[in-house]
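Consider the single chain below, provided in C-alpha cells and representing the form predicted on its own.
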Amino acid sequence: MEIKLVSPFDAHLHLRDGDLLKTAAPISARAFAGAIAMPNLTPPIASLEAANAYKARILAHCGEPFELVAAIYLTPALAARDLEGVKIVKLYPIGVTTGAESGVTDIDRYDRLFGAMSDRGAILSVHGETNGEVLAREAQFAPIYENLAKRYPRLKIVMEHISSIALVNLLDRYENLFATITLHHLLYTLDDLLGGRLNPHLFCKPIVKTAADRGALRKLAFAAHPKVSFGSDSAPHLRAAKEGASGAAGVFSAPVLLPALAELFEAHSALGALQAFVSDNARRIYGVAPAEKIVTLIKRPTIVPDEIGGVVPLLAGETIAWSLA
C-alpha cells in the first residue's frame, strides 16, 4: 500500500542556524515541497534583508528545490514602510517561548502597522499565549485574538500551533482567523509528558494538554477543516539542552512527520483528508505555490533513530508503520 502526496507544505517550521540548520534543513526539504521558516533566532530575523539572508542560508543546505517563506519578527522597529515584499509577520508576546526575548509587550502600539498589513495582504502569524498559568495560557490569549479579528477584519490572522478547545471554538467565529496544528499536539497529552516519568523531548510551548483538547484538534485535522493547515513547529535542540536542568521547549518532529501523520490518519479512517491537511489548505491560505513534488509514503515499518546530529527526534527508537519511499 502507498500514498502519494502532492507538494506537502509545512506552515510552521524552525530550522535554527549554524550546525542545527545543517542538520534540519535537508530533512524537511526531502519530505516537503516548502515551508514557512520562523524568525525567532538570536538576534531575531526582523527585516526583509535579514529574512532574505536567512532564506539563502537555509536553501544552501536543502539539496533540492524547496519553496521557502521566511517570516519577519515583529519588533517595535518594524514600520509600515518596511512591509514591501514581506508576506508574514510573526508576533511573539515577550518571554512566552524560545527566542521571545524581543517579543511584544503592548499590542495596541502596532495599530498603524496592522492596518498597513491589511492593505498589503500581509499575514499576521501569532504565538498566542500569555505568561499566566501554563495550562491556561492559550485560553487566556483568546480575547486578544478576538480583539485583533474585530479591529482588523481584512487582516488574515493565523493562530499558530493551537492546542486547546478554547481556540478550536474561536476558529469559526471570525472569517479572518486561521490556525495551524502540529503532529505532537495531535499525538500526545500531558500524561505522555509527565504522567509517568518526565519526557523532556515532548516539552514544547504551548504545552500538550488534555485528552479533550487533543480530541478537538483531531476532529479539525481528520476533517481537513478548510481554515486549518499543518504546521509542524518542529524545533531542534541539542540533547544536552533538552535533558539538562533547564530543559528547552521544542519538539524535533521533522524526521517523522509524514509517516507518523499517515499512521495516525489511517488509524482514524481519515487518510482521505491527509492531502488537504498537509498541502492544499496551506497553499490556499498562504497563497503559496511550490513546484509540484510527489512524495510517496509506503506501508513499510521504519525504526526512528535514537539521535540525529546530536538531536533526539520525536518517536526516537520507536517503529512507525509507514516510511518515506
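Counting begins at 1, following the sequence as shown. Quick caveat, the model's predicted, so the values are computed rather than measured.
The discussion below concerns the form predicted in complex with N-carbamoyl-L-aspartate, not included here.
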* **Answer option from S102, T98, N176, T189, heavy atom within 4.5 Å of N-carbamoyl-L-aspartate in the model of the complex** => T98
* Only one of K205, R214, K156, H225 comes within 4.5 Å of N-carbamoyl-L-aspartate in the model of the complex by heavy atoms, so just point that one out. => K205
* Asked: Where, among 110-118, 249-257, 214-222, 74-82, do residues come within 4.5 Å of N-carbamoyl-L-aspartate in the model of the complex by heavy atom distance?
  -> 249-257
* Close approach of N40 to N-carbamoyl-L-aspartate in the model of the complex, 4.5 Å, heavy atom -> yes
* **Residue contact check: D233 to N-carbamoyl-L-aspartate in the model of the complex, 4.5 Å heavy atom** => yes
* Is there a non-hydrogen atom of H127 within 4.5 angstroms of a non-hydrogen atom of N-carbamoyl-L-aspartate in the model of the complex? -> yes
* Asked: So in the model of the complex, does any heavy atom of H237 sit within 4.5 Å of N-carbamoyl-L-aspartate?
  -> yes
* To do: Residue by residue through 8-46, tell me which have a non-hydrogen atom within 4.5 angstroms of N-carbamoyl-L-aspartate in the model of the complex.
  => H12, H14, R16, N40
